[in-house]
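The chain below stands alone and is given in structure tokens; this is the form predicted alone.
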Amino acid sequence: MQKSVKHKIVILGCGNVAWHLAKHFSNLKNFQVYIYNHHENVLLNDFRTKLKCSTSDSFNDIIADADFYFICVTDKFISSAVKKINPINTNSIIMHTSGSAKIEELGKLNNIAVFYPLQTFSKSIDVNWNDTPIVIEAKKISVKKKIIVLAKLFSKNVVSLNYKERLKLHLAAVLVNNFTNSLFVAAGDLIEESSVNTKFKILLPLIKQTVIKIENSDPRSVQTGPAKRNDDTVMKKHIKLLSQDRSLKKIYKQLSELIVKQQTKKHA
């Protein structure tokens, strides 16, 4: 019996997004994954040994007959990275995975697309792909159809957005993920500075309950806290505690003002 032909997947970059894409494709079995980085990187060894990917530390080695090319590099390097791809397959599709870069960064190649997973990626933590939104964009209908099929190998939640819509979504993602995590860091530092018996984990039930509440309710409607109550007495105590941290003190005041404005808008 003849073996089924494996689809060839090329991934440029070896960061967190590249890792999780490669891991998922490798688990699907009917894909051969090739990883390329523009210079030597110790991370390539894990792709090779743990995921059984073919790897190279030079973009000059990129194969020309892949079915799909994923560019997983920082936005400012997308346009230069895509120039290293010279497909001989007229049906090859080249895409970037950025939430904030235009599709035009891929140049004037025939089959280009965006494949943006709306998720936070850390190499050591597994991703629940099934619920992760995959945001796509393509100029050609035929390419979009193929990307939708590919995206559904990852997730049941595939969304087609234009650049402006995707950029706003990316900004929203930064607010709820990156900025919120930064506040988690600040909260953990504050707790550990004040008590040897208390750690960040004491806040986890509160964080989990906050997320549970917004699963079925508008975030504005479930807002609580001193700013929402316009409790100046409590807020002044907090601000005094932050007297030695000018940055966090400023953020506290600004976020409190934001909450007041948001609640005013609710009742307008």
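Residues carry their position along the shown sequence, with the first being 1. Computed from a predicted model, the values in this text were never measured in an experiment.
Keep in mind that the form predicted in complex with another copy of the chain is missing from the display, and what follows is about it.
Proximity of Lys213 to another copy of the chain in the model of the complex falls within the 4.5 Å heavy atom cutoff.
Taking the partner from the other structure, another copy of the chain in the model of the complex has no heavy atom within 4.5 Å of any heavy atom of Ser79. For the chain shown alone, Phe200 is a contact residue for another copy of the chain in the model of the complex, at least one non-hydrogen atom being within 4.5 angstroms. Looking at Leu44, you'd find every heavy atom of it more than 4.5 angstroms from another copy of the chain in the model of the complex. Proximity to another copy of the chain in the model of the complex, taken as heavy atoms within 4.5 Å, picks out 216 to 224 from the listed stretches 60 to 68, 23 to 31, 216 to 224, 46 to 54. Using a 4.5 Å heavy atom cutoff, none of Lys8, Leu109 and Ile148 lies near another copy of the chain in the model of the complex. Taking Asn89, Ser142, Ser122, Asn86 one by one, only a single residue has any non-hydrogen atom within 4.5 Å of another copy of the chain in the model of the complex, and it is Ser122. Of the residues in 148 to 179, those that come within 4.5 Å of another copy of the chain in the model of the complex through at least one heavy atom are, in sequence order, Asn157, Val159, Leu161, Tyr163, Glu165, Leu167, Lys168, Leu169, His170, Leu171, Ala172, Ala173, Val174, Leu175, Val176, Asn177, Asn178, Phe179.
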